[in-house]
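Okay, so here's just one chain, in structure tokens, the form predicted on its own.
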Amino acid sequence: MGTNKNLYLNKIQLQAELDRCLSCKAQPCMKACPVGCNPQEFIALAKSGKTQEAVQSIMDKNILGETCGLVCPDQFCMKACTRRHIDFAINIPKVQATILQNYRQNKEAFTAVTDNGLKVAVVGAGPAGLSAAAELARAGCKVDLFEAENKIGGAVNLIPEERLPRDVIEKDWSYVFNPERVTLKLNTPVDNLSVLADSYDWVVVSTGEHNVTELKIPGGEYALSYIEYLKNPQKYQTDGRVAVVGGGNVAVDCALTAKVQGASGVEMFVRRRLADMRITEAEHLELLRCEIDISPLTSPVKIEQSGDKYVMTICKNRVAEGKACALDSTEIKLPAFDLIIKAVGSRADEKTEHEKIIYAGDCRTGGSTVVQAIASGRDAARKILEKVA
């Protein structure tokens, strides 16, 4: 799918958002950004017609600037925006994405750096790994970037294309990718980190959380993992009913994707209360717009196959002392699901303790946003550079 123009601001909308910026001296938007991107600066540059300088301001801090602009939640710069106290926040992420989409040139002009003699392996080419590799390369390291899949992006590739066209992360990376410093090794899984560390000065591990949490109920094997589903939703396309077990951002992506793919009905089963769902206001409104049913305080207890359909038995819960507990005698059977998707969490591989290994991204911190993963990768790189300074 090509770039969806509706994801970006048109010329009039962009100018309107730029004009709304108050140029706050305190720069609360920058302080709220995990990577320290400065919206006040790049907005001021864009307003004065210095679009290339605005592009550089963004990309110097955020190597996946357009990607983040399209998928960043409103909990960072927008939440800190002073305009919220007047009318409503500037849509800073969309301004950022639009500036890069409209004005970024094909390639960053790399400043020559002196080779510092360090050879670093980065395992995992998701946001954290890409960020670590770019930061290390800028400092003069030689970097081998290992990726088990056939493309970069990691968990970013699970974001529905309606929100993030597949070419965006490639555009971001191609702008900062320095082939003289970074060797990208696709289709190259790393099975033994300790052995790898013997061949490098340092290893940054940024492999994410790719082990899906199981439902641990009878028939749980009939539920499809969110990773398998979001990797290739066309493979599981159905015009029947779809159940999504889970209430977080990934569960929302699964539900909305199923609806876009033509499901006649999509229902989310959320163990806790609606108020406990860790999703943005925009996501909640999108669920309503797409007529996704949400069943809070509900958990599956059994899945059975019936012909080419699935029957899911659920029970109701109550929240007591901060925990969701099943209520007795509340089990009911819900028949005729064509597809059941489990999206209740994931976990990282067990860590390998080694003096040369540093972890970054979701495998270090747990599930996070793209911009938080980028910050984690950059921080891992800086730790290495501080140790050898």
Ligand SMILES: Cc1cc2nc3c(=O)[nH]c(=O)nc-3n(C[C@H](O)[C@H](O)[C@H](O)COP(=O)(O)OP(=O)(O)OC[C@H]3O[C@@H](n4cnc5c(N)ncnc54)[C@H](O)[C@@H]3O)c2cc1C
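In this text the structure is predicted, and so the values were computed from the model without any measurement. Residue numbers here begin at 1 and follow the sequence given.
Just so you know, the form predicted together with this ligand exists too; it's not on screen, but the next bit is about it.
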query	finding
Option from 214-222, 150-158, 300-308, 234-242 whose residues, in the predicted complex, bring a heavy atom within 4.5 Å of this ligand	150-158
4.5 Å heavy atom contact, R163 to this ligand in the predicted complex	yes
4.5 Å heavy atom contact, F269 and this ligand in the predicted complex	no
4.5 Å heavy atom contact, S194 and this ligand in the predicted complex	no
Proximity of D144 to this ligand in the predicted complex, heavy atoms at 4.5 Å	no
This ligand: the contacting residue among V71, A139, A80, L118 in the predicted complex [heavy atom, 4.5 Å]	V71
Neighbours of this ligand in the predicted complex among 193-221 [non-hydrogen atom within 4.5 angstroms]	S206, T207, G208, E209, H210
